[in-house]
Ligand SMILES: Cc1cc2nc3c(=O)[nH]c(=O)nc-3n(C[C@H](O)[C@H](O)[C@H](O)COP(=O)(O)O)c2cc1C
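This document opens with one chain alone, in structure tokens, the form predicted on its own.
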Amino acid sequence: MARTVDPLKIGSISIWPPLVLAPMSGVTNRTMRGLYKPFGLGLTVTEFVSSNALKFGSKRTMEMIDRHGLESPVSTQLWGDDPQTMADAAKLVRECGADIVDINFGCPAPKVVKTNGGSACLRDPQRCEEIMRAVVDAVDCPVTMKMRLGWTESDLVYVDVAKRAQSVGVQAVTLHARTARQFYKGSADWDHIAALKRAIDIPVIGNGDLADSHTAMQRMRDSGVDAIMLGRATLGNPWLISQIADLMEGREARPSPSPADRLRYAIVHLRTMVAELGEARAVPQMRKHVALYLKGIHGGAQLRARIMTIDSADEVAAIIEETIAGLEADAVAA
């Protein structure tokens, strides 16, 4: 079968399929990335890490940049507002195994922007350029950058910042087509992503509102981007990754799993998290994942409410297994 798109080239690294998992704080830890990689991701990105926090080498921060054995290549994303601190952090994560260093100019979270990190950097394109130059000069691997359209709708700086990125040696740019002030409201404007692709010569990765495989491929074709990045739409639905990968390979997209099979995988996810992180850490983290695996299932809201109060992995698994049994009994009766 003939591939329908080309591999993503970031420096000397060839990425197939051109399908990237977005960094999501508190979500895309090494265990979750290891679980999702086999669904067809070409590139995974760590949770974004504070360059200041890396100075102190805390166990939690070092865990955040740890890569899973299944991941190759892997990108480590950094945020901060000081060029030298970002350069020092880039050197450290490169020494710890990052194949690519990614700079975060996209996060709109208050705890990040209040220190002028993430999307707040877009208020000062010159500072963005200084940070990117410092990071590029600090490491011997490709450097990429992810950003939003701008801080506000009246100050869209994405083309300016991307041209600065290209000029200092950044080798790919990801654009989430919302402003920082939008957070995740409204719709991602893929016309801006297409405009960015026309404006620069380095690879562009499009991100935002890709919840359906055929829509994702259509947006990739229409915008001309070199790759797409998936984020929230994959949570509780890693099969979306496989469906897009199928279309990229020239195959028909495989069907979505049954609700019962989705929940069986939720148990796999839960057990893997417990094995790698321990029950005390895994169960609270898994609550949000289980809630998403339950999305659309009859009675899911009540089940989510029950799970939010439980600290035992076995009890959570028992509730999910009970739900699976009920779904299968209903299917037989129908």
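Position 1 is the first residue in the sequence shown; the rest follow in order. This one's a predicted model, so the numbers in the text were calculated from it and none came from an experiment.
This next part talks about the form predicted together with the ligand, which is not shown.
- Exactly one listed residue, out of 130, 71, 99, 209, brings a non-hydrogen atom to within 4.5 Å of the ligand in the predicted bound form: 209.
- With the partner removed from view, the residue among 136, 92, 156, 230 that has a non-hydrogen atom within 4.5 Å of the ligand in the predicted bound form turns out to be 230.
- Remark: residue 324 does not count among the residues lining the ligand in the predicted bound form, judged by a heavy atom distance of 4.5 Å or less.
- Proximity of residue 24 to the ligand in the predicted bound form falls within the 4.5 Å heavy atom cutoff.
- Of the heavy atoms in residue 76, none are within 4.5 Å of the ligand in the predicted bound form.
- In the predicted bound form, the ligand stays beyond 4.5 Å of every heavy atom belonging to residue 293.
- From the list 43 to 51, 29 to 37, 294 to 302, 275 to 283, the contact stretch for the ligand in the predicted bound form under a 4.5 Å heavy atom rule is 43 to 51.
- Contacts between 167 to 198 and the ligand, taken as any heavy atom within 4.5 Å in the predicted bound form, involve 176, 184.
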